[in-house]
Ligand SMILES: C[S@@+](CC[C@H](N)C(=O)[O-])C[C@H]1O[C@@H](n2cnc3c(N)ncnc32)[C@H](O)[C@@H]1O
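A single chain comes next, written as structure tokens; it is the form predicted on its own.
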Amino acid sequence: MRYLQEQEAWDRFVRNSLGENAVLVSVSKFSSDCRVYRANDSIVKVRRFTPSSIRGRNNSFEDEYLIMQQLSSVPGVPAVRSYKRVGEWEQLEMELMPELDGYDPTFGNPRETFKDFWDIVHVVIQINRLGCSHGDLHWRNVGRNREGGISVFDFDQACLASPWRCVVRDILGLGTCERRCEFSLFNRLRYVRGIGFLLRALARLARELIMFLSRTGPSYTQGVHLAKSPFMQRAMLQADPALETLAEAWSIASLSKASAPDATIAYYSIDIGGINFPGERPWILRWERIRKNVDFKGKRLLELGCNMGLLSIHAKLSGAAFCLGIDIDKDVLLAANLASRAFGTDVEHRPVDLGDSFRWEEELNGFDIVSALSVLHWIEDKERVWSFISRHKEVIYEGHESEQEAEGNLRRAGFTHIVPLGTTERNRQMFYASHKRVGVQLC
């Protein structure tokens, strides 16, 4: 596989074009060859042209640049500064917006959600009046900034049409501007507690009406993002046996119970060789945070709740002496073994239930680093796992608690040097911690 060469190409481009201090902000889960960086006082969207990075997108960055120029008078839309295309690389530079608070109307308080909804409507209507439909009003693309206003960004699915058609598309998600809008404001509002049942019913009726009028299936939008033609996919995979093995691993992982409930998709997404292996969240965003702060060379890593084992694989590629991944799900461990083989690493995997009364702690010894990424939330006896973690020199941790609570847990486990690695796509802080005090356990 050309994976390491592709990562080196990304590092070289970012270093030469954005500078040494550029920070990765987000990665598209539909293609990790589409990324957003913060560089000085700018936000820069970067795309490396591959089959997966251009599939399912209405606009090039140049189209997005021209559309955002027309919206420069709308408060809440970031001002664009420049567009550049050099070889296989494309970048769009925008002003750095005031830092956004985490925003997700799916789980918000109903009263606050309705207020946010109407504030967003106010901004979107101004955009629509100028003849533009945003077309992708997912919660990741909308947020309330620290100044109290609403910001709307990411216009790669935007299109130009008459104002009334733009309103219908953005508010209700009905089929205009080439296709229906999967992430409309109505789509977000229908999950609000208390009115969800009625709005879900209306959404189903609207979807059936759209299907009847447009003769398109309900998974059309998702298919555009996640699927290639069978011939293209097969031809690209057959050109590299390692990619074929990786595709098998992703297929197994997508059917395992290790992903979100009822989700038939792998936990992580990643792009290799121009092929997108789809998942719930982009792996590169997490790995970028970890690799810049953690030295794996010559060390032994234990990955708790390893899922597909991507951390162990990347640690091995970064010089780790030995890596063991454990998980409760035997199917996802099969996928992890295949993934390790595809990447050319010799990571070991073992089925272990951290909630079992069996003394698994006695068998898991001799490790320098232990990782627990989004693991403890699902374990009843958290103190037991924290006591085990505290035995190790270093830990990589991500929890579901607040940043302050997580840091407090790490300190009570005996770690004195704690480094925030940055937030994940779920607005959860990751930490690297070391220099534990022997004998101190979590209360």
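All residue numbers are counted from 1 along the displayed sequence. Just so you know, these numbers come straight off a predicted model, no measurement behind them.
Not pictured, yet referred to below: the form predicted together with the ligand.
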- Message: At 4.5 Å between heavy atoms, only one of the stretches 328-336, 244-252, 150-158, 122-130 reaches the ligand in the predicted complex; which one is it?
- Response: 328-336
- Message: Taking the ligand as it sits in the predicted complex, is F322 near enough to touch it, meaning that at least one heavy atom pair lies within 4.5 angstroms?
- Response: no
- Answer with yes or no whether S312 is in contact with the ligand in the predicted complex, where contact means some heavy atom within 4.5 Å. no
- Item | Close approach of R169 to the ligand in the predicted complex, 4.5 Å, heavy atom | no
- Message: Taking any heavy atom pair closer than or equal to 4.5 Å as contact, tell me whether I379 reaches the ligand in the predicted complex.
- Response: yes
- Query: Can all three of Y268, R286 and S374 be found with a heavy atom no more than 4.5 Å from the ligand in the predicted complex?
  - Reply: yes
- Item | Partner-contacting position among V294, A258, I369, I275 - heavy atom within 4.5 Å of the ligand in the predicted complex | A258
- Of D353, D240, E88, E361, which residue is found within 4.5 angstroms of the ligand in the predicted complex when only non-hydrogen atoms are counted? D353
- Message: With the partner left out here, which residues of 288-322 have a non-hydrogen atom within 4.5 Å of the ligand in the predicted complex?
- Response: L304, G305, C306, N307
